[in-house]
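Shown below, as structure tokens, is a lone chain in the form predicted alone; questions about how it binds or moves come after it.
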Amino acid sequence: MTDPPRKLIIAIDGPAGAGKSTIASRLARKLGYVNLESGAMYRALALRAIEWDASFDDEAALLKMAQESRITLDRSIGGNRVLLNGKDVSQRIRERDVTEAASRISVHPKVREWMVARQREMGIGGGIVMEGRDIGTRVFPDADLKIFLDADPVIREQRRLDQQQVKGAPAQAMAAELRERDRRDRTRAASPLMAADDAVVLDSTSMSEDEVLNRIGELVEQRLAARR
């Protein structure tokens, strides 16, 4: 008797609005894997910083806050529930102020180092789909499959606005925030947003969710077949 092969570690990276969260969630359900949202962990920490009125620029304070926090991703039928010190904050962390705060605190190298260590602990056994901005380059550089999901910036902005059902002046402000998040993600010193050398780059500009999911599904099958 031989042990069954370890389930895959699948990394999906890309900028905001590219569709990572939706695709990762659907793919995980399809495979029976766990969907780990790295962004949800940063959002949970950002929420705690907001609640404690901590400076988003104080790296030492944010790191201490992270070390004293218990952030849990609780798998459920409808997707992950995000628990912060036992409290369900799944809805609150999707709000605009938390989104902006998470983008600001995620630039700190020591905060990212702490987060990366926790994310590796959560996914080391395989059978996961993890999405974020540095999963294939930093968190799991040896992932079995790496996807870099991208799209035209204008399309990404419109998707995010449609998702939030925002129009008028607030829409213009949200689009500007998305562009600023892109700038921070791509230029930060610690783990900047970029495609891993061995990642499969998918441009979803003119693709539907189903088309993206089917293409990644084909890649998963190829990786699994190579193990048989």
Ligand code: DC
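So that there is no doubt, residue numbering starts at 1 and follows the sequence shown. All figures in this text were calculated on a predicted structure; none of them were measured in a lab.
Although not depicted, the form predicted in complex with this ligand is the subject of the following passage.
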| property | result |
| --- | --- |
| Partner contact for residue 147 in the predicted bound form: this ligand, 4.5 angstroms, heavy atom | no |
| Contact of residue 185 with this ligand in the predicted bound form (heavy atom, 4.5 Å) | yes |
| Non-hydrogen atom contact residue 102 with this ligand in the predicted bound form at 4.5 angstroms | yes |
| Residue 38, heavy atom within 4.5 angstroms of this ligand in the predicted bound form | yes |
| Location of this ligand contact in the predicted bound form, chosen stretch of 24-32, 199-207, 56-64, 185-193 [non-hydrogen atom, 4.5 Å] | 185-193 |
| Interface residue in the predicted bound form among 81, 94, 87, 120, criterion: non-hydrogen atom within 4.5 angstroms of this ligand | 94 |
| Sequence-ordered list of residues in 104-133 near this ligand in the predicted bound form, where near means a heavy atom within 4.5 Å | 106, 112, 132, 133 |
